[in-house]
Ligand SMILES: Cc1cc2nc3c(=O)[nH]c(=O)nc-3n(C[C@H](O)[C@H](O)[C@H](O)COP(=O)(O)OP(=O)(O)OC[C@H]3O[C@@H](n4cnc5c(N)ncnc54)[C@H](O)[C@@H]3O)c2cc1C
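There is one chain below, alone, in structure tokens, taken in the form predicted on its own.
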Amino acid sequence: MKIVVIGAGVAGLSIGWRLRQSGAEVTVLERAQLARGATWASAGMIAAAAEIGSNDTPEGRLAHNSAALWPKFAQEIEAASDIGIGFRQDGTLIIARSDAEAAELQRRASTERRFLLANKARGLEPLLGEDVAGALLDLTEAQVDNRALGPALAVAFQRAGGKLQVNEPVVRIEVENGRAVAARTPFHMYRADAFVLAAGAWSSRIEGLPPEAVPPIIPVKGEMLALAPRNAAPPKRMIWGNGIYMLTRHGQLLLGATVTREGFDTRTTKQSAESLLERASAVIPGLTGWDVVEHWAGLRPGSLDDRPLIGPSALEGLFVASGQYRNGILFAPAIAELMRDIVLNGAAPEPTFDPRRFAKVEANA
């Protein structure tokens, strides 16, 4: 079976790799440089509890199931690529700054997630401020070096026999007799048996699709900062609180992330930087003297109902893996397996994530 995957972020590369491992002939086409979109701009968190919460919803189950796949997935990537991706399962500390927040965290405590009183939380992370009211410690949560992940996946995919073309945007899907038959770029037309649209925030911008098959993906801008510590070691664990997250990578503290819907504008703003610093300093007061060494922005793929699109589109032969919003890296191993089973074996998608749900709403309207 010949398959074209559109997009070389963490989703497209993971899906392409799994399809190739299952015997398909796979070409991944990328509009720019590999994994330089949301994958590069993210923080690389694998934090199902902090991001999603419980696993009693379809999205929660997807998040927790995918997080459980990550340790083996990371080992497989490193073995196949000979590139370290910095996978670390050193936990998350979710901070409460009021008695009400502490009570909510205490309700979420379980065998995997331990509630800590304020003094215990500060004992684990001495930089925390005096107004911490408690914390939830989840030692199963992890992180990965997102900027190493994309290149490693690309090597693993290509070593498995996959073909990768960068700087080659798909501008149009050619349709014949109600079926997707080719992906047209400025340089070539790629005919295939199936097409997987995994182009992140750009997934809705390909021409040639009937209206009901266009995935309603919305770019959601996020800005982040990296700080160089002064006179103190940065936190050992990921910290969530006051509407932001913080994690240490390569000796720097990353702060994220803002959420704005401004189209495809990736300019950074002074207002966002000040907001991130203000929120972070409320949790760790000593940050006010640390130096900002990097400020960047990226575009996440959002959707109309804030849920991912995973499965067949309304156009035969075209499949969608997009709309992961803040969780592209967290969801990657699970989505790769789901898309492999859907594309190659005709498995039914989870109804909550079925891309055709939007076409049905439009038809009923």
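Only a predicted model underlies this, so the values are computations on that prediction, with no experimental measurement involved. All residue numbers are counted from 1 along the displayed sequence.
One more form of this protein exists, namely the form predicted together with this ligand; it is left out here, but the text below deals with it.
The contact residue chosen from A38, V26, L309, L338 relative to this ligand in the predicted bound form is A38, the criterion being a non-hydrogen atom within 4.5 angstroms. Between this ligand and the residues E168, E101, E125, D138, the one pair within 4.5 Å by heavy atoms in the predicted bound form involves E168. Three-residue candidate spot A11, Q33 and A43; every residue lies within 4.5 angstroms of this ligand in the predicted bound form by at least one non-hydrogen atom. Here the chain stands alone, but in the predicted bound form its contact with this ligand, taken as any heavy atom within 4.5 Å, falls in 220-228 among 220-228, 281-289, 78-86, 266-274. The closest heavy atom approach of F195 to this ligand in the predicted bound form falls outside 4.5 Å. In the predicted bound form, no heavy atom of L318 sits within 4.5 Å of this ligand. Contact annotation for L62: none of its heavy atoms lies within 4.5 Å of this ligand in the predicted bound form.
Not displayed here, this ligand is kept clear of A314 by more than 4.5 Å at the level of heavy atoms in the predicted bound form. Heavy atoms closer than or equal to 4.5 Å to this ligand in the predicted bound form belong, across 278-298, to one residue only: G298.
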